[in-house]
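Below, in structure tokens: the form predicted alone, a single chain.
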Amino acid sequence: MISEKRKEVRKKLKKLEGLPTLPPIVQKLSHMIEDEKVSLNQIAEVIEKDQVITSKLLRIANSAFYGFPKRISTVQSAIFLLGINVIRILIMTSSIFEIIHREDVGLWEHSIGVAACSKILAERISLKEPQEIATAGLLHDLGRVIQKVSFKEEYEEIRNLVKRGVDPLKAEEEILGLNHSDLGAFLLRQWNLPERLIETVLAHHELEKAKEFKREATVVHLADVLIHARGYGETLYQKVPSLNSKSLSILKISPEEFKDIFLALEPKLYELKFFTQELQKEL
């Protein structure tokens, strides 16, 4: 029964029903990024020809979850500082972000909080390209957006089960045959995004699913728990989700360090609150 549901969900996902289609520029950029003869300047020029994407990209690049000390004013600077993988991900998912902060401000705030916390944790344990981990944090609940937009009736059933005390992951699996981590990872794979990002999203609740990128998945898992504990934003969870007992040993972080992490996080969350309010005004 669950495997039948899973097949139906995957079939629907392939058609991206209810979700925005990817802009044509994404396909062009993907080919350019894979072509070693194409320079970063040429990629920046293509992006800059699309004013809407450029403005979205620069707005997100300048937000507190990346935390660059100086303002990023050009696409070239954004590519240099964030890396081409992150730029491609942000362009591909910018329309998804619009859906999140239009339809569910609580989930949007939770997602950007996890992005900010993921970057702090990634830097603390010296993971390479922490901005990519921040992006994984931003997209970790992408599957919840898919549920809300493309599976409206099922999403209501999931919410009702959660209200009756069923664990959100179990409720999702019961109704859809897949949980939100599976859904998000499936869509990211459809979009041919980096495996580091896919596996981190897939395993952020179930670390045993991570094969190659366990530390990255653990960073997002811990960030998710800490942002729930801080009470920033809202998700289906009515209480703080359980922390995997192996997570602190995987990251070599002690509970005593949480105070420093929260101290570094707090000003970013304050900034992000303003960021969210500005976006809300525009919609």
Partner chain sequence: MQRLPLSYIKPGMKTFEEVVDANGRVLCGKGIELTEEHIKRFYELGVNFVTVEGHPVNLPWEKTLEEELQALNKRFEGIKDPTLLEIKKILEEFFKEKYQEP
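All figures in this text were calculated on a predicted structure; none of them were measured in a lab. Residue numbers count along the first chain shown, from 1.
Omitted here: the form predicted in complex with the partner chain. The next part is about that form.
Site annotation in the predicted bound form: the residue of R164, K128, R71, K152 reaching within 4.5 Å of the partner chain with a heavy atom is R71. Site annotation in the predicted bound form: the residue of V240, L58, V26, V38 reaching within 4.5 Å of the partner chain with a heavy atom is V240. The shortest heavy atom separation between V225 and the partner chain in the predicted bound form is within 4.5 Å. The closest heavy atom approach of K259 to the partner chain in the predicted bound form falls within 4.5 Å. The partner chain in the predicted bound form comes within 4.5 Å of no heavy atom belonging to I33.
Remark: S3 does not count among the residues lining the partner chain in the predicted bound form, judged by a heavy atom distance of 4.5 Å or less. Here the marked residues A229, E271 and Q277 all reach the partner chain in the predicted bound form, each with a heavy atom within 4.5 angstroms.
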